[in-house]
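Just so you know, structure 1 and structure 2 below are the same protein chain in two forms, each on its own as structure tokens.
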Structure 1
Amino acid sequence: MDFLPENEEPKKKKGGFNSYWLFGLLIVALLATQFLTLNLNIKPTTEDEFFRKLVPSGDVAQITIVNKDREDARVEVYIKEDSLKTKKQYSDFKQNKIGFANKGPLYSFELTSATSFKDKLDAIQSQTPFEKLIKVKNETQKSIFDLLLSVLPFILLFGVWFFLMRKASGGMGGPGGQIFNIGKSKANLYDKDTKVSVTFDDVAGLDEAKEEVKEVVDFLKNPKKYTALGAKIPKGVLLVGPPGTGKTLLAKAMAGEAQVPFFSISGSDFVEMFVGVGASRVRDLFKQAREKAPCIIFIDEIDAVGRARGKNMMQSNDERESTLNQLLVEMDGFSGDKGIIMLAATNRPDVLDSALLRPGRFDRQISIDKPDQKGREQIFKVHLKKLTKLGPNVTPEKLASLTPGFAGAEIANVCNEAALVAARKEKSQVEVEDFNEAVDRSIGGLEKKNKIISPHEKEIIAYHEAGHAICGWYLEHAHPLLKVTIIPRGIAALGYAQYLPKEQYLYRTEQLLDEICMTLGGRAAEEIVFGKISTGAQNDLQRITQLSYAMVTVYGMNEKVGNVSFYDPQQDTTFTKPYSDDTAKVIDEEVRKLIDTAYKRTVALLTEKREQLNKIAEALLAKEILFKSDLDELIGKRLFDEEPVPVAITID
């Protein structure tokens, strides 16, 4: 079977015809018509022989004086047709391939003076009757320079047109390099000739998702195993999850494992500025897929083409919607295809059209979340293999505990950054300290060693971060501290604190209230110690405002507003409110009351623990970075410690 895509032309062999040859041949032909005469049998003679023999014979019908005012002047002599037929001296010219000689000059000689030649000819023919006079014509032959000047505008015009057409075809024509291929699919085909090197062994931390995808691959390899029981494989599989969790990597592994053709394309490759192009590309993609069936089609970032269709003119997009309509028809239309499995990935499933998600199109949705402790260990094992020299204390378990809440792409970046840090320090191996620095860089950005901070500002930052740490240490449901630092990082981060929340999916009201108190710890510490507040709590205030409004309007955690939820994922981008102005006023009042109560509680806690607050702030000013073990020594062990896992980060 030939796995070359239909819209992909085979490479041309050397020496094949090229369009530039046609362009060159046209120029050569144009030049040839200007310089080559029709008769190649012109016989050279002299001016003296012309007057002595040809003129007295009465055989000359016409002469042409070429370039009479130039140094290369010459005379071309034409013979009468009757003389050509009857006289023997002209018999040699009868074999001319183009016919009789009088159709072109038979003789030619150089001319020294056009004026004396004309006078001598007039004198000889002074007594000749008018009808028998030799006709005299003048002609100026263009030089190659004149010819080029006259032809050059046409050459430039043709060249510009040819260049623009090639640019247009390269930018819009897609595969094939011609503008007429604009409706062809841009999908990349992976088959027996172009295999993907990624396999399921390279995918770690996604055990459940791998099992789901392996089932699809196994069906393609052993279909009888399932059809014997009457089972049907899902027509479509949708990979859903946050960015960096491994959706595209899992698709690559599927391409590497499946022994069938694999088409890969991005959702944005369907839509162009021209109407109808997207739908045409969808038709062409499925046409190729039918020829290669059984096969897999993978559409990455399908939300670019699969967004919910607008219900009014302001929301509609005819070109994108026509593309989506064609995709829906191809996936499960009147003549449904067999042997074509759709695989797609997105991190915005809430914006996809409901018709795209129904059974028969995407039958199965696979959720790919951020990995837990065990998953991070597996991912670190994969990426640590690529680092040739590791320190003896570097273990996947230890690194997984340093990176709670990290996705697979972030873990890969941490491993690479750690190797770069070790190389920058000219170490012979990558150690845990290098991974710590890589994690800090990934969370807070690049360390700003040259940023000048006044001692007073540094003190404010230290107490701000100490306030977060104290609240996280003494509140039962708050996240315990993993690390706190006052080293400036990133664009505007003057310090940050990293916490270790528990692995959980449901949160109670008291847990969220403790989290708000912990987030307000920095602002409260500034007011207690300095009697003034600063702009350092901007990020904290944004987080608690979001969380407080969610508690009141989404989670139903307020008695006055009641057990209602105004959350609608389909209305994220609109400004409509599904409640009255009176309800909006109540919501604002309850949110403000909730935050004020939490702030007073935080101030009371930090006032009670003022001594511990001072200890942590002074230690931060001295060391600039503190770990959980440091806090154990400074203020004693935390009473509510449990096994930690994901991450919450406060950057100020």
Structure 2
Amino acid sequence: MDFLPENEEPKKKKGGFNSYWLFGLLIVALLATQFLTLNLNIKPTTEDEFFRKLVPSGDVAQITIVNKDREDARVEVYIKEDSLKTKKQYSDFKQNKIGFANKGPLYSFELTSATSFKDKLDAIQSQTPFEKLIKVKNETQKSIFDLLLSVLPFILLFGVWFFLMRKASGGMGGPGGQIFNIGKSKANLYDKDTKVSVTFDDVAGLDEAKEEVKEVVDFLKNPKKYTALGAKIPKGVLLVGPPGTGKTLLAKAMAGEAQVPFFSISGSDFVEMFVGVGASRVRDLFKQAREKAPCIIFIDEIDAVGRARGKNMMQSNDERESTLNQLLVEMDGFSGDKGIIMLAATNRPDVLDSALLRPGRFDRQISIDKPDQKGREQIFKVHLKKLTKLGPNVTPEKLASLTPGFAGAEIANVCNEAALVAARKEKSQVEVEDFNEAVDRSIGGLEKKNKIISPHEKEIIAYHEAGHAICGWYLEHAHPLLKVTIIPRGIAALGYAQYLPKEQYLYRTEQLLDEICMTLGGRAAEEIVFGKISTGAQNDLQRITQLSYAMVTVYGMNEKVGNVSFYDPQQDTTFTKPYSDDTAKVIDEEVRKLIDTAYKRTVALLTEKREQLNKIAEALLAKEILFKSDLDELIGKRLFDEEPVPVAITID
């Protein structure tokens, strides 16, 4: 069911049709009916005159007593046709303005008391022969208030409906009109007036990805070169990578380079509470795109619509599936040489329906990862251009080394934030320390300088973080430490340690075990030093629980459970676990054993290194933040090799 067939209404498209007008019109109409009944030709008279002159004259055909029970009671007097005296009266009568019956009354007067008027009239009428009786009618006019009251339910109903629609369509869009546009695509179009001005120069790093999409750009620029040779151009390119790495930026730059219109929409924009809206939006989007071809359609977060269609009956989602089906149909409906290129971005290619990835659809994938040191340098170069006054030693290299694990979006944010920090301090230029503060802020939310932590709490936090740091320092396979701090920030983290993990994709068992020990280091330190534990380790425990279960059930790293992997990207295991209850029991036992062993090992290590633990904790209490070089000084250099690597891990 479509809310509105797409070819129905040209007038609504302009957005000039506002639903508020409907209200206005309704009310004007009500008032109009009210006022139109007033006849301007009525002559005022009085009750006294009525009885003295009009009734005896025998000209009165009918009277209407209006609103007899109300204060504004009055009488309207209708005259017999042959009693009309003047020419004007007669022509008015002919024009339906006055006179008998349906034609308006000629006289009107106000009543002081309807009952006494009626008594008086009855007395006269009882003396009158039948054929001369004056007809008496009663009429109650509705006041505006009554009228409003009678339409109120409709207005309310309309209001509720309006509100729901507004909510359903995301509460956005121009002034009004969005009810009628619910089946329209919500894509942002960058066209002639709002041309994409982004080019490949604005996209830093990502050299391989840029190289790959250049061919597509070239095709959009001069399609003939390709079609003449019968070359087939990919219809769809899937950009895969974590958020903020520049997928949208790259897609925009493609449109900017090729100078073609750019449609941008998020997958979640298709999904609505009304059945059929998603599919209708897809259809509308492609209709618009066909008109503008050659062009680029970009669908962000395509996983919102593109998730694999219901394997599981309990979770099937008709609306999403029909949207996805429509998308597939539309993609098959145009051949690549029409000049419509589809781009889509996702962080979870594994959950996408395989039909989307088939040849002729999104058959090309480009992976876009978080930038490494060099990539970050380049991104900083792009965003530093926007800051006009930089301190002498602010270099992209330096900043890149401060921000392991940051994606492009975070780097852009850090640059802006640093300028804000500097401005707040009334500086004339942005310096490295401002960037440092900006980095800290973006890692853990705003520094909470005035959050009150008792000295004892601070001590516990210091030992907790020192525990993490020591484990990282003395365990061979743990990630080397970058910095550790007990400056409270955000809501949850009271402190954190940041590590540089080794650049690798395959982890060995001992590495994961060391990782678990390091994460347990916080709680173990608390227990050793204070003999009691606190809630501060909740996050740590959650992390190792996940990791341990993964080791046992996904990576096949447990002897008893064996070389099996129950990995399921859909995480549909809520209803059916792919293993027996017995296996489940073994898994639970083995996970417990794994964590217990790791904890004992951690306690042993920290007991052995108690002296160093104290040193670091005390230094933390004094300085609140320690970098790797500080640790080198305090407890001697770390024994194991370490190379700088791109992604940092932060442990509370």
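When a residue number appears, read it as a position in the sequence of structure 1, where counting begins at 1. Note that this is a predicted model, so its numbers are computed, not measured. Rigid core here is just the name for the largest C-alpha set that superposes within 1.5 Å across the two forms.
**Student:** Does structure 1 or structure 2 depict the form predicted on its own?
**Tutor:** Structure 1.
**Student:** Taking the rigid core as the reference frame, is the Cα of Glu459 displaced by 2 Å or more between structures 1 and 2?
**Tutor:** No, because once the rigid core is superposed, the C-alpha of Glu459 moves less than 2 Å between structures 1 and 2.
**Student:** Quick check on Asp201: with the core superposed, does its CA move 2 angstroms or more between structures 1 and 2?
**Tutor:** Asp201 C-alpha, core-superposed: shift of less than 2 Å.
**Student:** Taking the rigid core as reference, does the Cα of Lys532 move 2 Å or more between structures 1 and 2?
**Tutor:** The answer is no, as the C-alpha of Lys532 shifts between structures 1 and 2 by less than 2 Å after core alignment.
**Student:** Can you read me the CA shift for Glu291 between structures 1 and 2, rigid core superposed, in Å?
**Tutor:** Comparing the two forms, Glu291 shifts 4.2 Å at C-alpha.
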